[in-house]
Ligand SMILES: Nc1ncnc2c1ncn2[C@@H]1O[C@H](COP(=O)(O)OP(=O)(O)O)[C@@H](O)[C@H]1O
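This document opens with one chain alone, in structure tokens, the form predicted alone.
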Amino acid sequence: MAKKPAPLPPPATFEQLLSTREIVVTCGSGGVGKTTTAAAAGAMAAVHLGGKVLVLTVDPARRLATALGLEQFGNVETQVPAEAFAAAGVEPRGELWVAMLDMKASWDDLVERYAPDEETREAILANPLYQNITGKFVQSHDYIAMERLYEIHVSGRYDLIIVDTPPTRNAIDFLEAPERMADFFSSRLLRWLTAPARSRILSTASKPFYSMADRILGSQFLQDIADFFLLFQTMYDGFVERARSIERTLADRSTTFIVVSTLDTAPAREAEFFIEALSERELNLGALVLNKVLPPFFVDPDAGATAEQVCRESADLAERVVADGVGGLTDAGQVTRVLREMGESFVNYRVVATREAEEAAVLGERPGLVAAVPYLESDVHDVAGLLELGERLWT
């Protein structure tokens, strides 16, 4: 057995991480800024590192198009225009491309690739259940995402591919999809579904079921299902071979994972769950990105003591403000209420910031690189915003 290559040394910065990897998979629960983080990392790589960078989004949300100045994009990679970077005041060294998974187009490509002959290919594509079943097929979305990633990677068209995955627990499915899809093709369920097409002679036990199903669904419906999956079984070898190749690609040292989270309790638990899952699978965890983190001054002891003093002495401070004529203020009671509210608000934020710091310390035990991104003053809606976010990751 060939010796597994030694892992690359832990990166010191995001720049180093992205410059030494070919595939970066971003994972995290919904609403933590995962899609925006993937796009920001891609924009920074295109600007600073050069080469061709692709951001492939698997998340069905289309927020990415707006931020990149595109009306829409799909399965075919689309280049972000130079004008979008010019509007942000930068000239990238490389190119930024984006694509979003198109289920139907990807399934059609898969059938084209794996069908053993033209007759089988046309029969699958013409099957009346094909479009409906492939959209709802067990693990289909995750498997097609892996197929698309692998196909683009082996094409060699891009120097760096950054993948935006579905929310965390679905991302585990994303990792396991190739194996699960291969298992399905040899499962008892598939043999049951294809029974009508395999033989007209059914067992005594199965006859009542098929008789009832015929009355409810119609014999043609059952036959279409059986025909569809029987045709699909002809592609089994291709699926299994590809699944193994995909698994090797994910485990390769040129692939790394970035876990994105906020420090709210639920997303943090999800992040911890996924970090553990990566460790169990011996997959490379490159970085942890913590979004919407409160500024560190909230946990500064001196700042906290000052806030508590303001709360205690708000009345005396208000009297001094009014006596000194600061800002023309004359209502000591009103000033007292404002000062007390400000002090109490700071103390409350300090409690949250302290909990966040403790949570960040726990989550940051395993990743070699941890980036904390504070709340931004405005939502990211263009390339300039993506680069502003990217600077927080880069430094």
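Residues carry their position along the shown sequence, with the first being 1. Just so it is clear, the structure is predicted and the values come from calculations on it, not from any experiment.
FYI, the form predicted in complex with the ligand isn't displayed, but the following is about it.
Undergrad: Verify the flagged residues 30, 292 and 380 against the ligand in the predicted bound form: is each one within 4.5 Å by a non-hydrogen atom?
TA: Heavy-atom distance to the ligand in the predicted bound form: all three under 4.5 Å.
Undergrad: Quick one: does residue 11 come within 4.5 Å of the ligand in the predicted bound form, counting heavy atoms only?
TA: Output for residue 11 is no: heavy atoms all beyond 4.5 Å of the ligand.
Undergrad: Decide whether residue 389 counts as a contact residue for the ligand in the predicted bound form under a heavy atom distance cut-off of 4.5 Å.
TA: Residue 389: yes, in contact with the ligand in the predicted bound form.
Undergrad: Could you confirm whether residue 23 comes within 4.5 Å of the ligand in the predicted bound form, counting heavy atoms only?
TA: The answer is no: residue 23 has no heavy atom within 4.5 Å of the ligand.
Undergrad: Residue 36: heavy atom within 4.5 Å of the ligand in the predicted bound form?
TA: Heavy-atom contact with the ligand at 4.5 Å: present for residue 36.
Undergrad: Counting any heavy atom within 4.5 Å as contact, can you tell me which stretch out of 250-258, 98-106, 304-312, 284-292 lines the ligand in the predicted bound form?
TA: Result of the contact check: 284-292.
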